[in-house]
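First comes one chain, alone, set out as C-alpha cells in the form predicted on its own.
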C-alpha cells in the first residue's frame, strides 16, 4: 500500500496548545511539494504560514477555515492516487481515535518554563534539548521567551537551548535595576552562572541583540558566537513612536496599530496577540519596569548604548539578520559593518524576522553554528 502522510496542527513553542486555521492555500486534488505554503495559522503570538512537511497529492482537507483546533490535530492527508478512498477514510478514523490519548501524554511530558534564582532575582527560563555548547535566546523590549516559539524547539534538535525572560518582562521579577544594556547583560550572565554554563552561543533580537553585543565585547570568554536579529546598538535611530505607543496604550484598538509596526504584513498581528501583550503589561510592576528600561536605553528618543565603533574588537563569530521592511530599527544600520560580520537582509520582512521568516532564520543560525 502506498504511503499516507498526515499533516497536523504544528506546535510552535511549548506554550502553544492550539491554533486557528485561518485559510487554506491548497485545494483537494492538488499536488504539492515539501515546503509549499499549505495554510495560515494564527497563534497567541502571531499569525504565520504553515509549510507542507512533505510532498504529495492533497486527498483531504479536514478542518474548515476559521476553526481552532488543538496541537497535533489532523488537518489534511497527502496520498498518491492509487490509495483508495476507503483506505484514507480508515486512516483518518484511526488517527482521530488515538489522537486524544497521545496528545495528553505529549502534553504531560513536554518541558515547561521554570523559575531560577539568578543574581538575586527570579528569572523565568525554558530549556529544551541536550548536548553541545548551549544556545541562549535573548528577546527584545516588551517581549518574552515565547517570542522564540518558532525557533527554539527547531534548533534544540542538536543541542541544549535556553530562552529567558529579561528582568521586567514575562514571568521574571519586575526589578530591572538600572535597566540599561550593561545592567541587562549582567542579568543574563547571572543566568548563565546559575545554570553552570561557562560559554554559550547567543541569539539576540532587538534590545536582546545589543545585550548580545555587550556580552561579546565585555565578556568574550562567555560567548561562542552571536546571531543578532535586527539588533539595537548599531546606530542611534529608533522608532520612538513604537516605544512610546507600546508603553502608553492600554486598549486593544489603539495598541494594535502600534504592534503592527513590528511586521511587514499587518495581518500577522492577531487579536489574541494584542490581548496577551495587554495582559503582560497589566502584571504588577510590569509597566514601571518597562518605563525604566525605555528611559535607560532610549532617553531623548535615541539609543544610548552604541557599539559600532568597537565592532572590530569582537573575538567571536557574529552574524546579523535584518528585515528590509523593519520600521523599528532601520536596516541601514546593518551597512558598513566589519567584513568579518556576515549580514543577511530579508526582503518583505519587518522587525520580527525570527517569527516572520522563521524557517530561513533557523537555517541561517543552524549553518552558522556548524
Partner chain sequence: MPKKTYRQAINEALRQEMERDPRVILMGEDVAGGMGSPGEDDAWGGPLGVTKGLMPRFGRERVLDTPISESAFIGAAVGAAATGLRPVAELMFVDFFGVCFDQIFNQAAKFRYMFGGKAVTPVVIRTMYGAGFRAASQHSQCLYPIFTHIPGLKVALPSNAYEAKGLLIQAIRDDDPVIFFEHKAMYDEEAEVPDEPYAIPFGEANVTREGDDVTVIAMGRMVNFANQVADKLAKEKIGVTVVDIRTTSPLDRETILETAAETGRVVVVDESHPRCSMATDIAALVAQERFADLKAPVKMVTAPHAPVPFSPALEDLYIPSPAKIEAAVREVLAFQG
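Positions refer to the first chain, counted from 1. Owing to the predicted nature of the structure, the values given are computational and were not obtained by experimental measurement.
One more form of this protein exists, namely the form predicted in complex with the partner chain; it is left out here, but the text below deals with it.
- Only one of 170-178, 200-208, 127-135, 88-96 places residue heavy atoms within 4.5 angstroms of the partner chain in the predicted bound form, namely 170-178.
- Interface residue remark: residue 250 is counted as part of the site for the partner chain in the predicted bound form, having a heavy atom within 4.5 Å.
- Interface membership of residue 279, defined by any non-hydrogen atom within 4.5 Å of the partner chain in the predicted bound form, is confirmed.
- Under a 4.5 angstroms non-hydrogen atom cutoff, the partner chain in the predicted bound form lacks residue 82 among its neighbouring residues.
- In the predicted bound form, residue 256 approaches the partner chain with a heavy atom inside 4.5 Å.
- This chain lacks the partner; the member of 110, 240, 295, 283 within 4.5 angstroms of the partner chain in the predicted bound form by a non-hydrogen atom is 283.
- Comment: the partner chain is not present in this chain, but in the predicted bound form one of 193, 117, 244, 275 has a heavy atom within 4.5 Å of it, namely 275.
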